[in-house]
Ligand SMILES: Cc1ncc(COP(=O)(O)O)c(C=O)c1O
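One chain comes next, on its own, written out as structure tokens in the form predicted alone.
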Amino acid sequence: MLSFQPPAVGEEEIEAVAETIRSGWLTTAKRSAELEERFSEYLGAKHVLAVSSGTAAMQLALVALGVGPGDEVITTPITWPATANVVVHTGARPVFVDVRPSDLNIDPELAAAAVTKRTRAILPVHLYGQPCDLDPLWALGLPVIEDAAHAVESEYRGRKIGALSDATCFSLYATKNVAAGEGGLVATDRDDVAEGIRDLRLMRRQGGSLYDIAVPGYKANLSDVLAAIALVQLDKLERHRAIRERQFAAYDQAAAELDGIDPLARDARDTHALHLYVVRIDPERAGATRDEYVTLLEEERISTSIHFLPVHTLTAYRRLMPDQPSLPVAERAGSEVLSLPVSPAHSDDDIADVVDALRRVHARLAG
């Protein structure tokens, strides 16, 4: 079975972990600080704070910006549930608005229409690595916290994602472009947000043995062991991107020949992070549903994935928000999106195998 998105790690990451263990520092120390400094330079952001996950990054950013019970946060339903979960964990209410058909990013006009006196922030997602349309979101005059879990290499209108909004949250999860296994980063140019997250990510002791704390913080710091892996991955980013560019080009060429298998739009004004290659399976033109394609590709020993099912249709959110109106664009996309294998760990031959299998399945189903 060809894996969907295996991490591209090697001896360099193994040695970095071993060196960190030999140093005697397993938790937050020099490696985490170095990662923050390196990412700050890479993103052009004044502050970067390393935390335990991309989810923790978003939650701490929301709390640092004062989001809490009674507030509303506008977000997208086409995302991993963590984007909405962090809003719930603050005591606020996520407000889902529909997405654009072209790239499945949040529709800024619908976001504007959803603003109420309770709206405290907007939490958009740069889906698959394609930046969402930020200018009209900024124009609303509300704090914007970017979910950039897919977007560590993205640029919006020529500017690097990471220093543009009130806070930008990245993931270092095992499948991400910089993969440490777990971990996250918050980038911000706001001194108050950075200081708030420093207070919140760890229970900061004041004094010596007779300690005190000023803020009831979380346990959301990043260990040096994981930071060491991320630092090596950061060094490999350009090399890994070149591999993903070849993979995207091979899929683009194949999709152009296969009726009903349509890749998501990539805006030429922006730099796509090439994190996920997602197609929509049009059942009428492709001859079968997305789920039937998944089954037959599995028989061809090709692993695929789905990014994402609409969050508002999941059981937890149907219970939390029983009056949620239908979001037709997102709901249709949830039945059609299919992610194909992408990873620097895959060879060109691996991707050729995926393309050949997709062609065989398409020929069988679409005739």
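Don't overthink the numbering: it's just position in the shown sequence, from 1. For clarity, every value in this text was computed on a predicted model and none was experimentally measured.
The protein also exists as the form predicted together with the ligand; that form is not presented, and the subsequent description refers to it.
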Which of these residues, 82, 297, 254, 92, gets a heavy atom within 4.5 Å of the ligand in the predicted complex?
-> 82
Counting only non-hydrogen atoms, the one stretch of 192 to 200, 146 to 154, 207 to 215, 284 to 292 within 4.5 angstroms of the ligand in the predicted complex is 146 to 154
Find out whether any non-hydrogen atom of residue 53 is located within 4.5 angstroms of the ligand in the predicted complex, and reply yes or no.
-> yes
Exercise: residue 58 in contact with the ligand in the predicted complex, heavy atom 4.5 Å = yes
Contact label in the predicted complex: residue 248 to the ligand, heavy atom within 4.5 Å | no
Contact label in the predicted complex: residue 277 to the ligand, heavy atom within 4.5 Å = no
